[in-house]
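Okay, so here's just one chain, in structure tokens, the form predicted on its own.
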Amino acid sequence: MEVGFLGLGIMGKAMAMNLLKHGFKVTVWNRTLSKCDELVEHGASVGETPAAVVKRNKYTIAMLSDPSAALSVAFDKDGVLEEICAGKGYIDMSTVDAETSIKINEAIQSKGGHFLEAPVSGSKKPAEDGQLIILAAGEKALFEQAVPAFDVMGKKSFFLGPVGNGAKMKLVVNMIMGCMMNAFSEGLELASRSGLDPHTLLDVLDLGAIANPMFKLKGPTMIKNSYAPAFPLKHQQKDMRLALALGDENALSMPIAAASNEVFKRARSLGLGDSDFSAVFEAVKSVKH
């Protein structure tokens, strides 16, 4: 199976590499072309533009940083829309708002192409291990054709109906995750300031009803003030913002999510945007005794 792949950040690079390792022929593109080099070493071809990648492949996958990047790659000069046509499928796995997905879908369909949004739940390690959770919505036939690729990149794929539902599900998941990370950070700092050993707190949490992989994975590195980016904090804050906008649309009061978003914004103002989202702990700790 030949596929195009647009966007080689932390996630996209790992996902494209898995496709290559499983025998897919992959044509890659990234705004900074030097990011393609490692994939070329593993057998990838390079497309000079998104349009060139779409022209060469029946299916093209995108994994971009935010709504503006997703729209730019689709609509700008040398973008996806210049070459999308009947018989070609475009699968956008970026985390964006439903409105962005719907806009891209309408444009792809107007050219006769087929569209699927398929944002993922999971960060760097699950991407590397092919253990992502794929939240797809859009054209069912394209979903079925994409299953071989999804099975390589993820451990489970959901088909959620019309375009927009994938985006919404991803935002709900990431909103919950952001709130949990804030509560966890406050708990770690409260334990510390109360004279308790935070490592013991981790052990207690891991044995109880709120045990979860995120606390188990992130807790030890947070205690060491180590925040190598598996999921950059600036993207978590972007997802909180988009989730709150979804709350506005549905007239839902979300005070916990709103408060969590403010702490992520504070962390960004401290220069932590490119650190892992667990670096929100630093914003919690920075509140003076």
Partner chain sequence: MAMCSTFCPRIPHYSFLGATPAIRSISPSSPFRLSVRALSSPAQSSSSSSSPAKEIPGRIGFLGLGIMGTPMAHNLIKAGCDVTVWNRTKSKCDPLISLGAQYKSSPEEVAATCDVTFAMLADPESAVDVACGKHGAANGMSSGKGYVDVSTVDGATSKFISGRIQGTGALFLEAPVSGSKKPAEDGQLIFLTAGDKALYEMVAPFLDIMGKSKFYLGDVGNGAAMKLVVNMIMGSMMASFSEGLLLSEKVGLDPNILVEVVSQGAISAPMYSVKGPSMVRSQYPAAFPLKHQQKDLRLALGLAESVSQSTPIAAAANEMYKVAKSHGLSDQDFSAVIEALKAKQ
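Nothing here was measured: the structure is a model prediction, and the numbers come from that model. Residue numbers count along the first chain shown, from 1.
This protein has a second form, the form predicted in complex with the partner chain, left out of what is shown; the following refers to that one.
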Mind telling me which stretch in 107 to 115, 157 to 165, 69 to 77, 142 to 150 gets its heavy atoms within 4.5 Å of the partner chain in the predicted bound form?
157 to 165
Under a 4.5 Å heavy atom criterion, is M177 part of the interface with the partner chain in the predicted bound form?
yes
Can E82 be called a contact residue for the partner chain in the predicted bound form at 4.5 Å between heavy atoms?
no
P232: touches the partner chain in the predicted bound form, heavy atom cutoff 4.5 angstroms
no
With a 4.5 Å heavy atom cut-off, would you call S94 a contact of the partner chain in the predicted bound form?
no
Report yes if all three of A191, L201 and M254 come within 4.5 Å of the partner chain in the predicted bound form by some heavy atom, otherwise no.
yes
Heavy atom within 4.5 Å of the partner chain in the predicted bound form: which residues of 243 to 280 qualify?
A243, L246, G247, N250, L252, S253, M254, P255, I256, A257, A259, S260, V263
